[in-house]
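Here's a solo chain for you in structure tokens, the form predicted on its own.
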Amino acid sequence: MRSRVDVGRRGRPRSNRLRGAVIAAVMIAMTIRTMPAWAKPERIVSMNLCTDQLVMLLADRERIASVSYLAADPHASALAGDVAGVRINHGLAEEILPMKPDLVLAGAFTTRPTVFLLRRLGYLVVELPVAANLDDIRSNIRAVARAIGEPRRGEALIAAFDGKLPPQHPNSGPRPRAVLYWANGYTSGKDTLANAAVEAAGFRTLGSELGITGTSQLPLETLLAADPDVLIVGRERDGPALANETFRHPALRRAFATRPKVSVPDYLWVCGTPFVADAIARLSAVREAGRHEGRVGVADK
């Protein structure tokens, strides 16, 4: 999927990604352990699209001092319609400091100079790692819920998320092959949230079968030769762009003229939030429809 600066980075060496995730997890644990169990911050500032949505789902509105400008973007945020009346920030220190927050939520790659300055000045900053699977979503919900003093709400949100997921039965039938295909000919493989969501919906993914970790460019010739059952794409950006030309290639159009092509909105799974369950449900419905109609469901090719 198309990444955003404050959501995550793709194409990093695996060792760097794992090291970053471990460091972020340790920082979260150390920060939250130092907080009193009764602490309930009343001026919460979020500087990251993913933490924006989690805090909006977990905290009372009057306790949210500010969220990032991306929270109001309907293409990126599932809660864009709920941001009205909440102060917007762009991750700048000169915006954050006057608010005198008692808790700042950030992502692992959110505006680093601001995060470093806030920590240096003694502000409480909790950073969340980028979610790469469904367990990461649960962990991040718990981290935010504990940081804001709402652990019960966190568990309730996790239960609601789990309740929307399709049942996972190892022998529930064939797993058709799906290919995730983004702008500029990129695909997602192992250790990505999109890949985990597609697999949870009952598909195999071409990226994983090719041994791709993270995101990588996928030649159109390789995609077509693999003969996948389903093509999964994101939202094409408005206006003409060379990045989207691959989607219009005649060979790709012919290949999927009679096979499912599914578009999943970015706001459902660009972040590790409970809305990922809606993306999974959408994909699972495609699999079930294809299975009943005999279009999708080839176990092995």
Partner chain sequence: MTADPTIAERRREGTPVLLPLLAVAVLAAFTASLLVGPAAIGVRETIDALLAGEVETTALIVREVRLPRALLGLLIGATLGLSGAALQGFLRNPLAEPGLVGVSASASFGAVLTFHTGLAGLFALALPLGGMAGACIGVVVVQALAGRDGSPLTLILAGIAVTSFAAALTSLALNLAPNPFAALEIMFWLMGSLADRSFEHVWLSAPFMVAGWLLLATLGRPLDALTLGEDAAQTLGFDLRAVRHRLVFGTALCVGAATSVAGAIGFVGLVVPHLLRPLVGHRPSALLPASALGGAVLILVADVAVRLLSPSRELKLGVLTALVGAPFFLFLVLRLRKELL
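As the structure is a computational prediction, the values presented were derived from the model and not from experiment. Positions refer to the first chain, counted from 1.
Not on display, but discussed next: the form predicted in complex with its partner chain.
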query: Listed residue that, although its partner chain is not shown, lies within 4.5 Å of it in the predicted complex (heavy atoms), from Val230, Ala76, Val130, Ala194; finding: Val130
query: Option touching its partner chain, based on a heavy atom within 4.5 Å in the predicted complex, out of Ala93, Leu224, Ala156, Ala72; finding: Ala93
query: Contact test in the predicted complex: Thr111 vs its partner chain, heavy atoms, 4.5 Å; finding: yes
query: Residue contact check: Gly163 to its partner chain in the predicted complex, 4.5 Å heavy atom; finding: no
query: Contact of Leu117 with its partner chain in the predicted complex (heavy atom, 4.5 Å); finding: yes
query: Pro98: touches its partner chain in the predicted complex, heavy atom cutoff 4.5 angstroms; finding: yes
query: Residue stretch of 78-86, 119-127, 198-206, 144-152 approaching its partner chain in the predicted complex, non-hydrogen atom distance within 4.5 Å; finding: 119-127
query: Contacts with its partner chain in the predicted complex - residues in 139-168 whose heavy atoms fall within 4.5 Å; finding: none
